[in-house]
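Read the single chain below, which is given as structure tokens and is the form predicted alone.
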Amino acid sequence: MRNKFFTLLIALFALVLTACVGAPQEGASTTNTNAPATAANGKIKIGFSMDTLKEERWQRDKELFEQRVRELGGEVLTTVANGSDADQINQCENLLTQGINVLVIVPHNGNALSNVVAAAKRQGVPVIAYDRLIRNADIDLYTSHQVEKMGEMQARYALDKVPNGNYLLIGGSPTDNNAILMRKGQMNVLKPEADAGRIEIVAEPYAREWSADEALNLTENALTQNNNDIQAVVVSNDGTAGGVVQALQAQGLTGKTVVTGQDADLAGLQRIAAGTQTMTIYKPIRPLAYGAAEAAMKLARKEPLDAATDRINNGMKDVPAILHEPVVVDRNNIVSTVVKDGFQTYDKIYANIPAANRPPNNQ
């Protein structure tokens, strides 16, 4: 009887000892916090927070970014804030609850997302600012085109056409850091000319939310205040250029007043073909979207970003940056740029132009 008792006691002791050794210690984690979270199917998950899909170009960004991530074996969770700071913040916070590996943000307001970035960093999620800089935040990468240079290109083009005269500047949304950078680039070129008395800048307002309607109203006001005596309108993108052209048409000034733009969207290119808008800045979207997708996948895999050879200070740090080269497009090179690249089609651009007046399509 005693032997059976001792045998039972020893077995019980062994069982307790095994349980104690196998159990995790108090406060210890049972997961590897350095391992990237993945979807249930094992794929890397990229969160893509977009400001808007209103302009044609953003639809292209979305399509190309998602396509490239899929090609690289990942998946994308995309949200669209429709121009709302509050919605974008909430959407980013929601993406962070879904186990994403990297958060890519096209900010509506580059000054409103520092808390979102901080929350992502606490979770070990890298953050990429796409096309627009996020200020005063610990972001891992900024990828865009050379925005300040684009403003300089617009201004130089206008000056080449109109070295003397009255200039109106129509900026983009004042909450968009790119609009501020573009104005800086424009003024880098125009201010010395204004200081020398060769041109006069009659007004330099910003169009909230890049609104074509607001650009129309701002241009109408400037034309009224200056008795239609405006020789060039330096407009920061094609969407707002549409409103400017509408105001000029009402006064019979299209084709007489230089109008700049940016994005090479279809409506802008059609106006250039028709002679109502003078130029645009073409920003090849594929290199930007593909480059951002490739960088996101590398960050998820903790690989170096060899392409990030530039640095941009965002108020907190010098952020590694990948900056792509923009291209001036006017009536002389539409076919050799945007058509050749497949960005827009010849038939759509010249849909409203008689065949006899179209340039040859030799692409």
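We number the residues from 1 along the sequence you see. Remember, it's a predicted structure, so these values are computed and weren't measured experimentally.
Not pictured, yet referred to below: the form predicted together with a small molecule.
*asked:* Even though the partner isn't displayed, in the predicted complex is R271 close enough to the small molecule, meaning a heavy atom within 4.5 Å?
replied: Although the small molecule is absent here, R271 would stay clear of it in the predicted complex, with no heavy atoms inside 4.5 Å.
*asked:* Can you tell me if Q277 lies within 4.5 angstroms of the small molecule in the predicted complex, counting non-hydrogen atoms only?
replied: Answer no; every heavy atom of Q277 is more than 4.5 Å from the small molecule in the predicted complex.
*So in the predicted complex, does any heavy atom of R132 sit within 4.5 Å of the small molecule?*
Output for R132 is yes: heavy atoms within 4.5 Å of the small molecule.
*asked:* Given that the small molecule is not shown alongside this chain, does K45 nevertheless sit within 4.5 Å of it in the predicted complex, heavy atom to heavy atom?
replied: K45: no contact with the small molecule in the predicted complex.
*Considering the small molecule in the predicted complex, find the one stretch among 327 to 335, 290 to 298, 309 to 317, 52 to 60 with heavy atoms no farther than 4.5 Å from it.*
Within 4.5 Å of the partner lies stretch 52 to 60.
*Verify the flagged residues D176, N237 and Q262 against the small molecule in the predicted complex: is each one within 4.5 Å by a non-hydrogen atom?*
Checked in the predicted complex: all three residues contact the small molecule.
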